[in-house]
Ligand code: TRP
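Coming up is one lone chain in C-alpha cells, specifically the form predicted alone.
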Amino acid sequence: MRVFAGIKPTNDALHLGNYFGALRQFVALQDEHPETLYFIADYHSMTTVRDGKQRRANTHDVALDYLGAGVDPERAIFFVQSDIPEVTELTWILSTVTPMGLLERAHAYKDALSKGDTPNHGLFSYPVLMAADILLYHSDLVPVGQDQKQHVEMTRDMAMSFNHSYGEEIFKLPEPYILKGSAVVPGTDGKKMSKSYGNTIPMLATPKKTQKAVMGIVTDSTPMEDPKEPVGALFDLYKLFADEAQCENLASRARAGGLGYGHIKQELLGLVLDYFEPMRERRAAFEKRPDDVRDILASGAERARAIAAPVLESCRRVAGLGTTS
C-alpha cells in the first residue's frame, strides 16, 4: 500500500496543530507501510506567497521541521513538488475532464467567496493540482483529517472521469486515510489552532518563542485562590503532553484552589519543551548541513519521478499526446 501526503510551505513555522493533527502520524506510517511519499507543496503556496526568496526559505524550513520530527529519507520518499515537472502536465490533462461545478464546490474556493475575497485561478483550480499530486504516484492511501476528505473524493471523481473518457483504467482510485490518533488542537484563543487565526504555538521554535506563545493562551479571570474547573484550551493542551496521572493531579489541584493559570502555563511550557527537545536537536543538526538536506530532497525527487514518469506516459498514450511511431 502506497501512502502519499504533503504540506504547503508558508511563512509560519509548523505548530502543535500540524504535529498532533498529521505529522506525528506521518512518522508512524513510515513503519506501518513499505511505501510512503511525503512532499513539500511549493506550487500550492503560490496562491498566497508572492516572494520567491521567501518561498525557497519556507521550503527549506519545512524540510528541516519534517526531518527533525522524524521523517526518515531511508524509509520515506521525501521531495519538493516543483522538482517533479510531470505534475504540471498532468494537472492540465486532468483539467480537461474536470467539470466547473466540481471545482465550485471546493471548500477553499467557497470559503474565499464567503470572506469577500476575489479568488485567483490558482485557488479555483487548486483541487486539480492536488489530484495530479495524488494520482501521479498511484497512491493507495491519502492521510487526511475528516475536514479534508473532500480533496480525496474530488481526486477520485477526476480519476474516474479520465478513465471513462479514454476507456482505460489508467488511474488507481485512492482512498482517504482518516488519521488515527489525530487531535483537533486548540489554539491560544480557544479556536482550532491555525496559521490563519494567528493562534499557534510553534513546534520546534526557540524556548523563548515557545514561552511567549504558551503564556499568551487566553483564560478567564478567575482569581488564583479560587477553584477552577479543568476545562478550556489550556487544560486541553496540557492533556496532549501529560499522562493520565499528571492530568488527574492537575485537575485535583485546580479544583482545590490556590493554583493560578500562570502556574499551569509554566508547567505546560516545561512539558512542551521537554517533548520536542529531541526533535529540536535533530533539526538543529540538519540545519548545520544544508548540503545534506538538498541531497535528501534531490534523491527523493529522483525516486518520485521514477514512479511518476510511467504514469504520465500512460496518460499521454491513451490521450494521443506527443509523437508516436
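All figures in this text were calculated on a predicted structure; none of them were measured in a lab. Numbering starts at 1 and runs along the sequence shown.
Not pictured, yet referred to below: the form predicted in complex with this ligand.
### Query
Of Met130, Val214, Val80, Leu90, which residue is found within 4.5 angstroms of this ligand in the predicted bound form when only non-hydrogen atoms are counted?
Only one listed residue qualifies here, and that residue is Met130.
### Task
Name the single residue among Leu234, Ile134, Leu250, Met203 that comes within 4.5 Å of this ligand in the predicted bound form, judging by heavy atoms.
Answer to the contact question: Ile134.
### Query
Taking heavy atoms only, is Leu123 within 4.5 angstroms of this ligand in the predicted bound form?
No, Leu123 stays farther than 4.5 Å from this ligand in the predicted bound form.
### Message
Given that this ligand is not shown alongside this chain, does Ala5 nevertheless sit within 4.5 Å of it in the predicted bound form, heavy atom to heavy atom?
### Response
Judged by the heavy-atom cut-off of 4.5 Å, Ala5 is in contact with this ligand in the predicted bound form.
### Message
Residue-level contact is defined here as any heavy atom of the residue lying within 4.5 Å of this ligand in the predicted bound form; does Val144 satisfy this criterion?
### Response
Within the cut-off, so yes.
### Contact of Thr219 with this ligand in the predicted bound form (heavy atom, 4.5 Å)
Contact with this ligand, no.
### Message
Among the candidate stretches 136-144, 115-123, 206-214, 224-232, which one is within 4.5 Å of this ligand in the predicted bound form when only heavy atoms are counted?
### Response
Going through the listed ranges, the match is 136-144.
### Message
Where, within 32-47, is there a heavy atom within 4.5 Å of this ligand in the predicted bound form? Residue list please.
### Response
Counting only heavy atoms within 4.5 Å of this ligand in the predicted bound form, the contacting residues of 32-47 are Phe39, Ala41, His44.
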